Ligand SMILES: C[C@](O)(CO)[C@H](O)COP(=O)(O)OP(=O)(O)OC[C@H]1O[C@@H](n2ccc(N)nc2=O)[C@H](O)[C@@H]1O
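Below sits a lone chain in structure tokens, taken as the form predicted on its own.
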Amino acid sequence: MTFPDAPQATAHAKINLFLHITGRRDDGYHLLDSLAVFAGAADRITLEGPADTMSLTIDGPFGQGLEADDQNLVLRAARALQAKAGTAFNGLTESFRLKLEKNLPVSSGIGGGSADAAGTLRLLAREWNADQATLFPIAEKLGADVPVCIAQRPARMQGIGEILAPAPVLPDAGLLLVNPGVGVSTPEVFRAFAAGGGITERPQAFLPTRWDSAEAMVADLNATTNDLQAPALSQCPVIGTVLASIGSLPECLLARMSGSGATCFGIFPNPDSAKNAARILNEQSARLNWWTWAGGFHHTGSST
């Protein structure tokens, strides 16, 4: 049971509008250049308690099969901040029962697990009056997408994801997300990327300070790519079907894969045109049981 007044955080889907692999560190981590934005689609994390120990339960449409064990990013985030905050507060950090409502597809290239971990850090920081600046060193150790998910604001990601800069001001564009229900292994995609030739030299992507229309945004995005799209296609050919389906929808300006897949996105002139496209796609692909979401960009920041 979730109590109505229990503290909650919303963990929004992260979308890579482009993703360039620019190098590789000696420790094996790939360097990237990417523009991350957020969608309205989201998981939800709830705190109940205090409790004797930190624990996790998982439900929601995509909760089945997920393990609420010590390797889960939500518990890892909670325990890492508890240890750090406990040192700062002389051990006065209570434990909680955490509940994850999993609404986003798993292993799908939209940062669901990272967003969940970041949402957990925000919730506990609020409970323990911890400075949000203390969250970033923890976030960096949890995964490349976790730092950008702390604030849930559009950002340019560089380094291994820890170097964040403001994104251009986004237009009131429409966004359609489509996942074919197939999980994709990020390590396998990177292995396929290396087998296909790996890193190529290219100029740094140009981003203006703002885009006044979806058309202007797409004109600049057309000079970029997702370097992981082709290797992901080699591992998961249905991604090509999804991209073709999105690209054929009325008013679609750009169809591309997010992250390491398999979720793909379409950009449309406005949220209403994206929602209309989603209705058409859902009618066409009803028997395939694809997951879809449509609307505008999420702009409101890290509010819980």
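Residue numbers run from 1 along the displayed sequence. As the structure is a computational prediction, the values presented were derived from the model and not from experiment.
There is another form of the same protein, the form predicted together with the named molecule; it is not shown, and what comes next is about it.
Residues in which of 242 to 250, 47 to 55, 268 to 276, 24 to 32 have heavy atoms within 4.5 Å of the named molecule in the predicted complex? Checking each option against the 4.5 Å cut-off leaves 24 to 32.
Could you tell me if residue 229 has a non-hydrogen atom within 4.5 Å of the named molecule in the predicted complex? Looking in the predicted complex, residue contacts with the named molecule do not include residue 229, since no heavy atom lies within 4.5 Å.
How about residue 157: is it within 4.5 Å of the named molecule in the predicted complex, going by heavy atoms? So residue 157 counts as contacting the named molecule.
Flag residue 190 as yes or no: does it have a non-hydrogen atom within 4.5 angstroms of any non-hydrogen atom of the named molecule in the predicted complex? Heavy-atom contact with the named molecule at 4.5 Å: present for residue 190.
Using a 4.5 Å heavy atom cut-off, state whether residue 143 contacts the named molecule in the predicted complex. Residue 143 belongs to the contact set for the named molecule.
Site test, 19, 186 and 259 vs the named molecule in the predicted complex, non-hydrogen atom cutoff 4.5 Å: Yes.
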